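Below sits a lone chain in structure tokens, taken as the form predicted on its own.
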């Protein structure tokens, strides 16, 4: 990057919000994935006007811009694959308005998910998607990836709550789309187009979100299964059984074994464990729903069913699920955390298919995830320095994606495509769909300066 371009960036954001120091550039070369590439400079924007000026300069001088929030992404979304500039929006962190009457909030993209939830709590409201990184992830990143989480079975993903956006497009123009109304069929649904677009179409500078009243009561239950497919069939039974649990999570044998080896939780040795939560506005409502869930667990041969009798006991049950990623990450030098998603009726064959893939390629795969919406997280644990093992892992990743697509599912339920899954886009999307997506990319970002290299859209 030419020195004069860096001077212009300093002029836009101020000296304190610009860096080309090695320590910052190294920090911005990665996210939570295995991908690495160093940018040439980084800026912290604080206004939409600054973002617009940066995009216009990028068009004029032909350098790529990669938008970043907290860097918690698992697919290389915020890695600057072609160098250039990292545009950090974490300092655009204001909650601009909370309107309980409209059931809506207006926020900047750098607001941390947990901070919004804390601000809503005194009003008795919450923002439901609840991603696993909620304590640190930003709402702009949630929008970019259509983030979901443990409550997806009942409450859906970020897409279901975004009412409006302000976006700086790739040509530097500013677009405002959507509004505070609870429903609208006015023109194309551009809001949904941009949710999950991973920063390749535009840069979100303001978000209008729908919020929900927070349920006042919950019930929590753990069920243990000696057969993985029984657990999968129990998931299908629960979701077809007339109630919708707020949480329905699964932990497979490899995950349970790793937790027991590295914690003092002493979980049962079994093929699978299901963790369910129901919620409501009275305890009776939550308990009634849980009774229906337990009926399905029992009908599908659960060896043990344990219901929490207090908030403290519920917290103990949740420790197992919350420990999955950190415990598994400690087992080997490297890991890949995937998030294939299938129709709920295909959860059981998917779980068995993951086991078969692990055996076929002789790799260790520990599965857990959001079984209630078919979103499973096979975590492959390996040593990237071992060339032979890395090749087997690559083959296993391919087969995981093929399994999901063959069963009517998708490459990703919440982590996004980014760099990790870009090579597999045509496995899921036919040529007509890829052509249309690439055409939309060219219209919104004619010079391909926004997050190039992601989602296989550069072709």
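Numbering follows the first chain given and starts at 1. Quick caveat: nothing in here was measured; it's all calculated off a predicted structure.
Beyond the structure shown, there is the form predicted together with another copy of the chain, which is absent from this document and is the topic of what follows.
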Although the partner isn't part of this model, could you tell me whether residue 343 comes within 4.5 Å of another copy of the chain in the model of the complex, counting any heavy atom of the residue? yes
Wondering, does residue 423 line up within 4.5 Å of another copy of the chain in the model of the complex on heavy atoms? no
Answer for residue 103 alone: is it within 4.5 Å of another copy of the chain in the model of the complex, judged on heavy atom distances? yes
Even though the partner isn't displayed, in the model of the complex is residue 433 close enough to another copy of the chain, meaning a heavy atom within 4.5 Å? yes
Assert contact_stretch over 112-120, 251-259, 352-360, 286-294 against another copy of the chain in the model of the complex, heavy atom within 4.5 Å, equals 286-294
Taking 27, 30 and 164 as a possible spot, do all three reach another copy of the chain in the model of the complex with a heavy atom inside 4.5 Å? no
Go through 334, 218, 236, 364 and name the one with a heavy atom inside 4.5 Å of another copy of the chain in the model of the complex. 236
Position in contact with another copy of the chain when the complex is considered in the model of the complex, options 181, 136, 384, 299, heavy atoms within 4.5 Å: 181
Partner contacts in the model of the complex for 154-168 (non-hydrogen atom within 4.5 angstroms of another copy of the chain): 157, 159, 160
